[in-house]
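Just one chain follows, in the form predicted alone, and it is written as structure tokens.
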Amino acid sequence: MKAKSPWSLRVALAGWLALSASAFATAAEPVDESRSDFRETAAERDRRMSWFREARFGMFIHWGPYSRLAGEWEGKRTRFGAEWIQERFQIPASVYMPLAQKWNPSKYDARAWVRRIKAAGVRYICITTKHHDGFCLWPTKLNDDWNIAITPYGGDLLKPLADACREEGVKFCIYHSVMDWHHPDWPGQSFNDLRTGKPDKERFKKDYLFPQLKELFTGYGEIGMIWLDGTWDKAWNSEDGRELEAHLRKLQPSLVINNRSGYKPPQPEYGFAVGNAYSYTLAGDYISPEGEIPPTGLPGIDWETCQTMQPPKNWGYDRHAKFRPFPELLRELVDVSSKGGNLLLNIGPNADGEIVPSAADRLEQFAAWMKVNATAIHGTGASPFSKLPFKGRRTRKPGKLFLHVFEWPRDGRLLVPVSNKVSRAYMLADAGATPLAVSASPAGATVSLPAVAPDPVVSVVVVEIAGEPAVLSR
């Protein structure tokens, strides 16, 4: 795809926003009544989305009976996608189902999970209530053979997590797959050898999917966001997606919805190559790039990139997969924040209900960095600069520029290409110390740095200015 200029992309997106009545609209017009009776002004939308925009950092949790297999089946290993293991090896339902009957996550401690994750600077947690294999982490009344009640554990896995999130001030959010390999009314899936009769999508929606969503949205308090998935099947069309979004809006009008309902309004062209078009569909409230980061910010568009700690693309726990190094994960969070997006970083607990040591180690390192630098992430806006004269990224708040330095300059100088007068500059790790020296020139403001970086991965320099940044071109 031939790249367009950022301005061309803005024009394309502006045109889409003007034509579409989706919840992305920033004008004051109400949402299209043909989709639902949900209406909101631009100001109301901003209030509804405010927590999501402020958070910048969320945690994805993929957990289910597939965690027992941990990426291995009959001596064979999945190359990726441990949570897809039933499909990867075409495991018949009659063979796969007994796995859950022996699943006992006896070491599960929701409060410990939430406290550890919150300490890492995470503002919202999104757990898989039901993944593609159809297994439900709560004792749903809509099936009696494929939910947590049939396991030795027996208890509800969602309620203690929802309660702990609420008590700890973390937004409780849910993932829910529309695709369901277990349900006889979901089309396709040759490995469902227990299916009888002909699949019926309308019956699946009205007698199963929608009632299950009602259980979740009436039984677990306020849910901040729903991360829909599994709607790429040809049997699921755009009208189904519109109906699903309308159903969700009625259940909890304050809800934030990702873009994977299956609804496909008119789409603009992006000015860059997109690896997974499904995750860039403009629907719901925000786009959800999976495993990739838009090269520039997207003005007028809320977005969240989901990434996993275990490459390549292992979302459920895989005992064989390695973990990505912390510096890579932290710099990814900074990169996403600097472009005005959120990072939804995934962990896959093991079958016992533990956050495994390698994941716990990454969370602890995030916690140490966030204890010092969280203000440079939470509630920040996208960088006003298209290019940087140093290796790193920038975020901003009114009157403050946060310079996230990846490689400490050898000459001890950091150029800030703005014409604004700098009132103060300092290291965020040493905010109470003597301010850093700043000199002005036609190229901008140059900050004199200490000899040694306070953090070996990302050090943050704060530059305080008056007014909006007056960026100087180079």
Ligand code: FHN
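Residue numbers run from 1 along the displayed sequence. None of the values given here were measured: they were computed from a predicted structure.
Separately, the form predicted together with the named molecule exists; it is not shown, and the next lines address it.
Contact with the named molecule in the predicted complex, defined as a heavy atom within 4.5 Å, holds for exactly one of 227, 103, 113, 385, namely 227. Here is the short version: of 249, 118, 171, 132, the single residue with a heavy atom within 4.5 Å of the named molecule in the predicted complex is 132. Proximity of residue 245 to the named molecule in the predicted complex falls outside the 4.5 Å heavy atom cutoff.
Contact check for residue 108: every heavy atom lies farther than 4.5 Å from the named molecule in the predicted complex. Though the partner is left out of this view, residue 263 does not reach within 4.5 Å of the named molecule in the predicted complex, counting heavy atoms only. The closest heavy atom approach of residue 60 to the named molecule in the predicted complex falls within 4.5 Å. The chain is drawn here without the named molecule; in the predicted complex, the stretch among 331-339, 78-86, 208-216, 349-357 whose residues come within 4.5 Å of it by any heavy atom is 78-86. Remark: none of the three candidate residues (293, 326 and 406) comes within 4.5 Å of the named molecule in the predicted complex, counting heavy atoms only. Contact residues in stretch 298-332 (any heavy atom within 4.5 Å of the named molecule, taken in the predicted complex) are 306, 315.
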